[in-house]
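Presented below, as structure tokens, is a lone chain in the form predicted on its own.
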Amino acid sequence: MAITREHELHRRRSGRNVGLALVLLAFIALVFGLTIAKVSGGSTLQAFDHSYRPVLDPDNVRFQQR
């Protein structure tokens, strides 16, 4: 048996590796798409940074839209 000859085990492993690569690429595309969808809001994207902002306070009627 020659060393350069491909064994059946290598073909099966190669098929599983391609499948795993496709699953990982799909997951990366999903996370990227969700990130773009969340960030595309732009001005509505505000996080809690330990400082008071009246815009985020629902009880502050001065800044609420009528």
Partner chain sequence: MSDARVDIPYAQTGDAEFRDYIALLKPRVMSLVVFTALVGLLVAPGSLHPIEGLAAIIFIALGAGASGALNMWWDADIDAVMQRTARRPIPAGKVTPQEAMSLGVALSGMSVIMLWLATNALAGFLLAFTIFFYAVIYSMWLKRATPQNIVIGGAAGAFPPMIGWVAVTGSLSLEACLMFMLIFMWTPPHFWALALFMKSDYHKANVPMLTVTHGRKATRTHILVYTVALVPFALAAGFTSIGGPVYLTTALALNLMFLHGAWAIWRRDEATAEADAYRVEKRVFRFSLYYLFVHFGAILVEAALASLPAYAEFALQFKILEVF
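Quick caveat, the model's predicted, so the values are computed rather than measured. Residue numbers count along the first chain shown, from 1.
Not pictured, yet referred to below: the form predicted in complex with its partner chain.
Under a 4.5 angstroms non-hydrogen atom cutoff, its partner chain in the predicted complex lacks L25 among its neighbouring residues. In the predicted complex, its partner chain stays beyond 4.5 Å of every heavy atom belonging to L56.
Although the partner is absent here, H50 lies well away from its partner chain in the predicted complex, with no heavy atom inside 4.5 Å. Of the residues in 26-40, those that come within 4.5 Å of its partner chain in the predicted complex through at least one heavy atom are, in sequence order, F27, L30, V31, G33, L34, A37, K38.
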